[in-house]
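What follows is a single chain, given as structure tokens, in the form predicted alone.
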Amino acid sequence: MVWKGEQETFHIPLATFESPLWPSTARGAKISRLTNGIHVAVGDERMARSILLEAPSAMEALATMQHILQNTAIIRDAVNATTRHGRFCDVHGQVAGHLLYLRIEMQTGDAAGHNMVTAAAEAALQAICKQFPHLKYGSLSANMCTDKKNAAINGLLGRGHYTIAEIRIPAEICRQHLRTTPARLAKLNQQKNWVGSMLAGSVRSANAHVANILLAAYLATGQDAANIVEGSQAFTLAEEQEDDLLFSLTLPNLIVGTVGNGKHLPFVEENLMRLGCRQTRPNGENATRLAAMIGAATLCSELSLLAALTNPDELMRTHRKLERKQP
């Protein structure tokens, strides 16, 4: 993996009952070592919680939302007062009838941030109700977050680490080690991941099996595994460029942390240590490093599966051999 201009090799821990995932991911990782590596960038990090308030009328709900969005200090100050480890990012609002929805976003450092942003949203809710007594409490969570549910809003506004992993593979390496060509793989990616997903009505998602590796990596590193719902809303791109394969994976909602609930378990602690995610770094850099590593590992498995699917009998033959122990 090449991250922040430095190249390093690491072993990603995976916890899964789907035994073909290990050799499949290993095949993709081998390709990365035969090339210039997987280049990873993490563009943004934030966690969100939405709150619900009731106004006496739709007109008052709309007027209050406009006032809050133009004067965000009340929310910013309430959010920042709840923690030393996170800070207010942004707030977005929508009105439905007399109901006012506010989506509060904050950066949460090395924590995934679910509890941190919920505590911050609770403080913001109390501050808003105090300043605007005509509003009534609706809910501390209002589904516009959106937590562990398919929705477009997370990809548009951000929730988790916005992670992009990319690799360039020469045609000869594709033929020798993936048993396919850049043209065949790029064509399959277009037809399967993009056209097939569009026909299925997928929500901001065009990939082969991102959820498989996310779940395995989440369980091995103490993450909230239910976040694979939004985490697997990812985009796989494959293009033939000058006989090479340019292959990338974009994960807009990769929610991970290196501190917090679950990280104290001995096997999780050991895995995070081995990944170098327990170092003394500025707040947030360990979690960003983990997001980059999971992004790179997920690309490896995505690449290997798509290559297998370009050949008529490869996928099922491999599953029979590894899972059913059939020759």
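Nothing here was measured: the structure is a model prediction, and the numbers come from that model. In case it trips you up, residue 1 is the first one in the sequence shown, and so on.
The same protein also exists as the form predicted together with another copy of the chain; that form is not shown, yet it is the one meant from here on.
This chain appears without its partner; in the model of the complex, the one residue of His134, Arg179, Lys187, Arg87 with a heavy atom within 4.5 Å of another copy of the chain is Lys187. With the partner removed from view, the residue among Ala26, Leu69, Ala41, Leu34 that has a non-hydrogen atom within 4.5 Å of another copy of the chain in the model of the complex turns out to be Ala41.
Looking at another copy of the chain in the model of the complex, residues Lys30, Gly113 and Glu269 place no heavy atom within 4.5 Å of it. Taking the partner from elsewhere, Ile74 is found to have every heavy atom lying beyond 4.5 Å of another copy of the chain in the model of the complex. At a distance threshold of 4.5 angstroms between non-hydrogen atoms, Asn283 is out of contact with another copy of the chain in the model of the complex.
Contact annotation: Ile169 falls outside 4.5 Å of another copy of the chain in the model of the complex, judged by heavy atom distances. The closest non-hydrogen atom of Gly109 lies beyond 4.5 Å of another copy of the chain in the model of the complex. In sequence order, His98, Leu99, Tyr101, Asn115, Thr118, Ala119, Glu122 are the residues of 98 to 135 having a heavy atom within 4.5 Å of another copy of the chain in the model of the complex; the partner itself is omitted from this view.
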